[in-house]
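Just the one chain here, the form predicted on its own, laid out as structure tokens.
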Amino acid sequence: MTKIVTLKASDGSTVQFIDEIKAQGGVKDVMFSPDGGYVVAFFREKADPATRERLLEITGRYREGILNQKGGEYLRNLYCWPTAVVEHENRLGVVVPFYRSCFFFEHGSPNNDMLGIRKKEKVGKWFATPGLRARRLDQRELGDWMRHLKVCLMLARAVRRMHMAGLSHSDLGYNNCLIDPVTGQACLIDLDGLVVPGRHHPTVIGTPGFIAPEVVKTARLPKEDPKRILPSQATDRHALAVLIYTYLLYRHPLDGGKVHDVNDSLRDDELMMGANALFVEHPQDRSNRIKAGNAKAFELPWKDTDRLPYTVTGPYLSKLFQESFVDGLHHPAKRPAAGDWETALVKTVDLLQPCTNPSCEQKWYPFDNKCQPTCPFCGTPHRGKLPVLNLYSSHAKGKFMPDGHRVMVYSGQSLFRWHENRFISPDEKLSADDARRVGYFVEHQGNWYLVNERLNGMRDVRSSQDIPVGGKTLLDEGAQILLSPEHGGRLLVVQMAGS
């Protein structure tokens, strides 16, 4: 009969686990609790005092500072954060919550689950290439482009909050995040190696493909060499940019057609990701373009950067990809912060339009600022009138400034408090009341209307008429709708696209 072990954890709680290895990682053996609510992961090697101190800080003051403050309940879903430290038979272990059910495959791979992935973890690498997506996963697991945007938003938000606490991940990559494109959820895992600058140094340099060029370039130097670059928040920012690019375009931003060493494949990879790293879509240097002519049918159009360039992600994300892979690729200080990605992703969600082609795999696409927008993924043009809402916010009485933020209109689209007022952000601190929609859009006889659900100050500026709660207003060219008269309140200015 399998033995159940009972221990007292570092936080004073009682921890139980079944004394049987259920899974193994690179350095740990994983045991399950009897109720399946958590796991206990034991290090195979004897832990030194520095490792013990790191784990106690991660499960103690850092966990308290992030998860037990305002917004902590929301953040708990973005991390699989270790809760306590245990010791058993001279081995150090960490107690970690069990993964949520959405992060396990519900459907197996094609051909009677030949790969045996049903009920296995949805590690991010499964969704990162067109080959795995098309040939290895059930179509019901793939989600759509809107859900992939939301996955990226969750990852950016998790990294932003971690960096705010002074921590860095050091091994951010698709092996250390779980994602569910069906629901748009994401979760960072393997957090017991977090880096505390000046106190606890990185134990790994990262996952190949996500390691920053400066780390790859100096990896052969001794660890004590001052020229050796180790993982930090700056290298996390590179890895986050790679993750977002990969999850939206299903290709790697540096893995192109340029050969750096014809005689040594390992050295070629080292140069491609390190000293000679070059964006596959560099606007001036095309020498590392992906050779689309060599791509297999299921890899297209994703590997054809002329057919599907990074600019299809919209203006906000395109700007950050430029900063990450052109300006900041070899200059870490120029890389966008996680909060920049979070803001850009929120704005890009507001740019989305549903594709009218029922066979379109991506289902959604960002507005391309054209009078007659077309889905870049399947080529289907938009049909009908398309109101574009430009957001302006008050900075002084009666003075409104453009926010560089648009909201696209479609059936089912909603307005929220963060659209009404620029001082409200849709982040982990958003209250339940502020998370409720304040208005929505309806189409009637070819015209679009905004219906006011919860805003007492909504007003049609052109007609100087209030729009009461329960009332509606027509969206036509040049319409101006004041959502709120408060400082920071927003004004919507309507432009019409479509036909």
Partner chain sequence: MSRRLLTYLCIDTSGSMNGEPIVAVNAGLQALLGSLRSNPYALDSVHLSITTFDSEIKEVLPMTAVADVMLPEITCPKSGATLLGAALEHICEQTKRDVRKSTSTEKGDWKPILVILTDGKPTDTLAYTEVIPQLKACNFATIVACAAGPRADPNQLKRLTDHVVSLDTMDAAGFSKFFQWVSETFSKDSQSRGATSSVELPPPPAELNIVL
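Numbering follows the first chain given and starts at 1. Because the structure is predicted, anything quoted here is derived from the model rather than measured.
This next part talks about the form predicted in complex with the partner chain, which is not shown.
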Report the residue, out of Asp306, Glu87, Asp269, Asp327, that has at least one non-hydrogen atom within 4.5 angstroms of the partner chain in the predicted complex. Asp269
Assert contact residue (the partner chain, in the predicted complex, non-hydrogen atom within 4.5 Å, options Leu132, Ala275, Cys378, Leu300) equals Leu132
Residue contact check: Gly257 to the partner chain in the predicted complex, 4.5 Å heavy atom: yes
Report whether the minimum heavy atom distance between Lys291 and the partner chain in the predicted complex is within 4.5 Å. yes
Are any of the heavy atoms in Arg44 no more than 4.5 Å from a heavy atom of the partner chain in the predicted complex? yes
Val262: touches the partner chain in the predicted complex, heavy atom cutoff 4.5 angstroms: yes
Mind telling me which stretch in 383-391, 69-77, 422-430, 195-203 gets its heavy atoms within 4.5 Å of the partner chain in the predicted complex? 195-203
For the heavy atom contacts within 4.5 Å of the partner chain in the predicted complex, list the residues of 324-360 involved, in sequence order. none
